[in-house]
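As a starting point, one isolated chain is supplied in structure tokens, in the form predicted alone.
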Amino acid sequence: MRVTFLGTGAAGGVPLYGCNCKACARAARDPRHARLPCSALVESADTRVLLDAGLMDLHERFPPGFLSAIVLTHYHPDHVQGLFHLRWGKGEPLPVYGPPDSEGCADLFKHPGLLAFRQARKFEVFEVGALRLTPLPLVHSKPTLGYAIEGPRGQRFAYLTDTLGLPPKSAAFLRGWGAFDMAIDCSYPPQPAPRNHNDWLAAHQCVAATGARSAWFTHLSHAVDAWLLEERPSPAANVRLASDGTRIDIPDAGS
């Protein structure tokens, strides 16, 4: 099972419009340091699942029939804005799973076009091709789910954004899940009282609380990148920072 981070940025991305901090200036000079809206592609055999849909070029990036499904963490614009163009395309309906949210985002539910919206409910397993997904509730300002994703050979990967910490039942599920890798929200440098998203310390606490084999920090803001440039902290040994385009192969169970 392969995971590709297509975007690793918080809302606003990097470089942030109008910002001249060190991180934004670096990203403006060198696109390798830019961060698009947070999103990932999970692939196993002929199954391809897009996690979140904030990228604005979905209709150009993925040819018709390429994606098996889109799975949404929540309906904030930076996680669904790419659907607004994609929906008016032609072809077979494209399944889109997301948390129960009566508001959704704008008129997506009223005018879905080719998008076939389906509800994902906490801890209720559903399958997309070769993948089994367990929705895990997260802590955010809108109904939000992370996903524990299992491949056909027992590969396990958890995608957990946007969140501030983890609900006890979600953390307990992951502790008992077996060996797994994860992506976790890290939107802020260390702060006295982060809101809606993990800061550097809370993200590390999530990794420790779940017993993840390895973790990739994502949903990184320009403030995090600027702090990293200034302070150069050392993350935990099993933690890495994801970048747009980072690709990881999740090992088989027992490997």
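No experiment lies behind these values; they were computed from the predicted model shown. Counting begins at 1, following the sequence as shown.
One more form of this protein exists, namely the form predicted in complex with another copy of the chain; it is left out here, but the text below deals with it.
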- Task: Find out whether any non-hydrogen atom of Phe62 is located within 4.5 angstroms of another copy of the chain in the model of the complex, and reply yes or no.
- Result: yes
- Does another copy of the chain come within 4.5 Å of any heavy atom of Gln119 in the model of the complex? no
- Does another copy of the chain get within 4.5 angstroms of any non-hydrogen atom of Met56 in the model of the complex? yes
- Item | in the model of the complex, Pro77 touching another copy of the chain (heavy atom, 4.5 Å) | yes
- Note on the structure: Among Leu164, Ala148, Val128, Cys105, just one has a heavy atom within 4.5 Å of another copy of the chain in the model of the complex, namely Cys105
- Note on the structure: The one residue among Ala236, Ala11, Leu241, Ala25 placing a heavy atom within 4.5 Å of another copy of the chain in the model of the complex is Ala11
- Only one of 149-157, 105-113, 164-172, 177-185 gets a heavy atom within 4.5 Å of another copy of the chain in the model of the complex; which is it? 105-113
- Message: Do any residues of 74-111 have a non-hydrogen atom within 4.5 angstroms of another copy of the chain in the model of the complex? If so, which ones, in sequence order?
- Response: His76, Pro77, Gln81, Phe84, His85, Leu86, Arg87, Trp88, Gly89, Lys90, Cys105, Ala106, Asp107
